[in-house]
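The chain below stands alone, shown as structure tokens; this is the form predicted alone.
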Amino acid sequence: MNKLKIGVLGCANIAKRSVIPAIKSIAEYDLVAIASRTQEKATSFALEFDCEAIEGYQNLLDRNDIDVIYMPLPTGLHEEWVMKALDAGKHILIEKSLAMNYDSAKRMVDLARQKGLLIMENFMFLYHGQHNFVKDLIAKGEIGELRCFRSSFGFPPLNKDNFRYNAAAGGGALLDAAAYTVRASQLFLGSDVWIEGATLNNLDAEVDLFGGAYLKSESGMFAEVAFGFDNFYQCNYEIWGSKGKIIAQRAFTPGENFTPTITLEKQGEIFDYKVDAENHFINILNEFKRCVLQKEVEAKYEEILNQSRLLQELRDKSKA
């Protein structure tokens, strides 16, 4: 396989703004076609990105000249089209969150495992170098022993016609903003964490608009996360240690030309470190390509299942 031939199933804003330009910049990818439910929308995208326009999602999956599907559909549509894409023999890079609930995620992973195909959630922030910089500071003992992880991701209200306010489409802060903070908790605390307590608030909307959770691990480590669609903008995490703390100021959405600042605070001293700007969409696409070519899929399945388990626990605990 010289190049990964990729088709885009859906014409979401994130595809147009960030992911498709990243695909086009990587020589090992060949963007073949973009599908929409309407020919007009598909044609608009295809003309901009110099590829074929396909009307109808199934018509894209039926193509024999496509190896990979990038799927930026709302979460509520994921299971149907993931299962169809896997049956068609396609690897899948999919927008988060993968599933409406844990059982749905397990059905998708089970079929992917049976087919030997990769599913990977597009948590692009994990592949930005600022987090390795933070890990290096911790490894050097700059903040001593870890005591607490805190993370906040939220933003002011969106347009009311946004799918994130539609329950059937998989809307709500839990499957969107919370997913980042929960995933970041695992980056530093490991996968053996669980949700000890949680709250979700609707404010009379049909989806959860904001909330928070408390995560624990067997080692005694814990995380406090907060998220929402009705909040003052926050996009950060803080790691508190026995001798200091580290703050990532723009943890989840640094643009490709944005230079993140990592703040290290110790007794009487504050250091601000500038980290190189990176395009984390390109980085995750390169990781996806590596996993496909080297047939490393099992670790990604486990990441998906653990993330889906925690989001399910968060929802369940909020009702307890």
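For clarity, every value in this text was computed on a predicted model and none was experimentally measured. All residue numbers are counted from 1 along the displayed sequence.
The following text describes the form predicted together with a small molecule, which does not appear among the structures shown.
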Which residue, W240, Y102, Y214, F163, is the contact with the small molecule in the predicted complex, using a 4.5 Å heavy atom cutoff? F163
From the list K266, R37, K274, R290, which entry has a heavy atom within 4.5 Å of the small molecule in the predicted complex? R37
Tell me, yes or no, whether K41 is in contact with the small molecule in the predicted complex, where a contact means a heavy atom of each within 4.5 Å. yes
C11: touches the small molecule in the predicted complex, heavy atom cutoff 4.5 angstroms: yes
Using 4.5 Å between non-hydrogen atoms, is Q130 touching the small molecule in the predicted complex? no
Does the small molecule come within 4.5 Å of any heavy atom of Y180 in the predicted complex? yes
Region of this chain that lies against the small molecule in the predicted complex, out of 107-115, 90-98, 241-249, 224-232 [heavy atom, 4.5 Å]: 90-98
